[in-house]
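The chain below stands alone and is given as structure tokens, in the form predicted alone.
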């Protein structure tokens, strides 16, 4: 008579596969909800307090903000500052990305190190360095006076021009890192094929390279715009008290006037306005990328 021998089950190590892939994202999701979603909901709730002592609810803070033309001008100035910083970084950064794509692997590593190196220095240090560069006795004015381009030192501090110049250098790595990542994956044979079909270098640039680099360019523009519009340190140190932007208004209402409901209202307005422009930039990047792959 045969004896059936049952196979012994494999020893369990106490580990089991998650029932759903979402279980792996649960810790990050909980942290995101605790440290971002919950404070954001609290901020929205505070903005609906009618008085600075937060004793009753009402729409007074939103009415005060939305029905004042000065506040709309501050919103426009803040968004325009971000767009100017994006334009300046694109104009200066995209040619560097073209140089990076055409360089040898050794030089690509050198250029990548140069791009990343400013991120190793604090934003506060870089911002205060621009005070020395843009001052009346700074490098820029010495160069301008030495070349005879002006009879007296230029006024660059506490101006939007000086602020845009400093933000261009400060935010440049945020544009270049995603852009270089995309540019490095463009097949060089596409440029050769474009040239063999009779396209000029400029036509190849605008009809082949630029559309293929659009996703990385859009990602960089998103980072630059979001960072430039909320760069409180740079706006305060370089712009000074003459230039008023939403981050400075939030700090003034929260830390000086101690009016937390109105500060929360301005913060929500900053979040909504910046998010609207970011959505437009992201949509433009998807459209440009869809034209290439579609």
Partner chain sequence: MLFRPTSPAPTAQASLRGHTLDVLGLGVRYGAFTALDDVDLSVRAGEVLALLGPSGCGKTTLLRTVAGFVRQNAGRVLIDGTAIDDLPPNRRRVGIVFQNYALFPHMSVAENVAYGLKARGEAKPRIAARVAELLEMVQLGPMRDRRPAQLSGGQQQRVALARALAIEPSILLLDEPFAALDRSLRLDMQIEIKRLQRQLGLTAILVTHDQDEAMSVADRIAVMRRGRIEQLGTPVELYDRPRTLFVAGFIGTTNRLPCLMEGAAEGMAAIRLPDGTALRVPAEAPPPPGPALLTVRPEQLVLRDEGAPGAFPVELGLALPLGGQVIREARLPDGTTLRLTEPRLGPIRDLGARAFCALAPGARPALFPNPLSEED
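Positions refer to the first chain, counted from 1. What you see is a predicted model, and the numbers here were worked out from it, not measured in a lab.
Below, we turn to the form predicted together with the partner chain, even though it does not appear here.
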- request: Report whether all of 54, 60 and 63 sit within 4.5 Å of the partner chain in the model of the complex, measuring from non-hydrogen atoms.
  value: no
- line: Of 153 to 161, 195 to 203, 76 to 84, 97 to 105, the segment with heavy atoms within 4.5 Å of the partner chain in the model of the complex is residues 195 to 203
query: Ok, 177, 129, 208, 90: which has a heavy atom sitting within 4.5 Å of the partner chain in the model of the complex?
result: 208
- prompt: Of the residues 145, 133, 119, 190, which one places a heavy atom within 4.5 Å of the partner chain in the model of the complex?
  reply: 190
field: Contact flag, residue 212 vs the partner chain in the model of the complex, heavy atom cut 4.5 Å
entry: yes
